[in-house]
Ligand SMILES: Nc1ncnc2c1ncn2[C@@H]1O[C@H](COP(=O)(O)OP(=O)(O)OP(=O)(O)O)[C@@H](O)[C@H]1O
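Below, in structure tokens: the form predicted on its own, a single chain.
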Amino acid sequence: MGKAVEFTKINKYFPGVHVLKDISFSVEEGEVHALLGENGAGKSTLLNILHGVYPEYEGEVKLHGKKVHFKDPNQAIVEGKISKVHQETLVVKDLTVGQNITLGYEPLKGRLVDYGKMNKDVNEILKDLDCNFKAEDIAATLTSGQMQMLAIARALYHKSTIISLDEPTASLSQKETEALFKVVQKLKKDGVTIMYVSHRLEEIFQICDRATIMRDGEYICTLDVGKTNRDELIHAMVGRSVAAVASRQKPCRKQDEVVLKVENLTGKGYDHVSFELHKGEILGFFGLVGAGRTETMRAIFGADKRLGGKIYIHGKEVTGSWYSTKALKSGIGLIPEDRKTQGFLTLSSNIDNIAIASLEKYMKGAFMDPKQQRANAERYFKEMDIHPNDPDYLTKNLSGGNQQKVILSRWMSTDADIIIFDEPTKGVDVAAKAEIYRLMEDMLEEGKSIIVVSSELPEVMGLSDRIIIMCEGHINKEFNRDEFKSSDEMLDYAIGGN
């Protein structure tokens, strides 16, 4: 087997930042090659160079021994036969699966789209991937896992020989993840080269042959996955040993005082949900995809309408119409699951994104005081070690972990004393995870109370004082910390056991 991809002395600059520094390594044909590193290590930037998103760079890229330099992603797909499956799958929900897969490259009969050929070709690919949906189905009806398969089918439609998967399992259930892994193994068998980006290290050991580690825009090493271990990978990624598993470092702060009480909360995706949150407590919510956890939290924050039930904050019932501005004034903050579309203002700087939930603090009379806004942002940039250390930088250009820190800074800048974290470490590297866990404990010390919603059971078990397990919109079981014994038992309740 030859080399599918070769990077030689790749350098990339953004204004004032040297993002990639002399990156050189190669990927073998027909292997599953992991690309690992902390958020901000340069993984996405390197893939964007490979896929023609960033045509301006120094150095050389070779595909199958031939030098290439793509000016845009279309050229990379058509001439290079390389495709990228993004973390947030790009799907036009009103179109059919077939239209989505062939979008922009539809087969024609004269000047019209040949729908017969399109559906026949797409269905052959879907059958090959063991997909349980058809080209004729509307994309809006697909699950997250099926949308991920659609994106892989799109790559195969272009006869791609190199496919990069960026955090492909971030929003998939365990069953969907297993189905994805089967497809990856099949593609490998067919000689397709896979570049695999994930922060879930257990997946790397399950599916990858070799792993290249990057740190701060530099190449560190390439390791044979079968001959390494978790600790060695983490150490290479962060340059030091980090506790990858969530754990409490400080004593329990839980008090008897109830700060939030929910009675028979009912809405789309959840039914008769009742629980209490105590002052100084981390209350964990665990469940599988579709359990209704996110929907419940959005209703508590007033982002979505509830159909029934009562919410009490510090013993006082919430009355009248309930929306996010009211929730914020009542001391509730929400860090949403989907930070890209709901977490921050896309076209705003870090300063503005940090200040947006506490604007009244920066008012001088009828006007904003930009000096105060900047001072507040600079304080959190230092406290949270956000990279690059530039409050004027656009938040959307930060890595996922650093975006999450900006959103955290926003809520720490407010007077909110009840913070809901929905998937707080989704797509975040091990070092940033440890930092986020530390910040949560700091919040408890300040007298705040926290709800953590997570699909990662070790995370919920490591952080929580209590855990509530949801299944199909209902609370199925509650565990106190001294009852956290078996993750299998908790998983059993999450899939409907009793």
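Just count from 1 along the sequence shown to find any residue number. What you see is a predicted model, and the numbers here were worked out from it, not measured in a lab.
Keep in mind the form predicted together with the named molecule is missing from the figure; the text below concerns it.
The named molecule is not drawn, but in the predicted bound form it has a heavy atom within 4.5 Å of A41. Although the partner is absent here, N397 is a contact residue: one of its heavy atoms lies within 4.5 angstroms of the named molecule in the predicted bound form.
When contacts are judged by a 4.5 Å heavy atom cut-off, G302 does not count as touching the named molecule in the predicted bound form. Of the heavy atoms in Y196, none are within 4.5 Å of the named molecule in the predicted bound form.
When contacts are defined as a non-hydrogen atom within 4.5 Å, none of G292, G309 and N476 contacts the named molecule in the predicted bound form.
With the partner left out here, the named molecule still marks one of 230-238, 407-415, 152-160, 387-395 in the predicted bound form; by a 4.5 Å heavy atom cut-off that stretch is 387-395. Proximity to the named molecule in the predicted bound form, defined as a heavy atom within 4.5 Å, singles out one entry of S464, T45, S449, S454, which is T45.
Distance criterion of 4.5 Å from any heavy atom to the named molecule in the predicted bound form singles out E167 from the list D209, D121, E167, D271. Of all the residues from 1-22, those having a non-hydrogen atom no more than 4.5 Å from the named molecule in the predicted bound form are F14, V17, V19.
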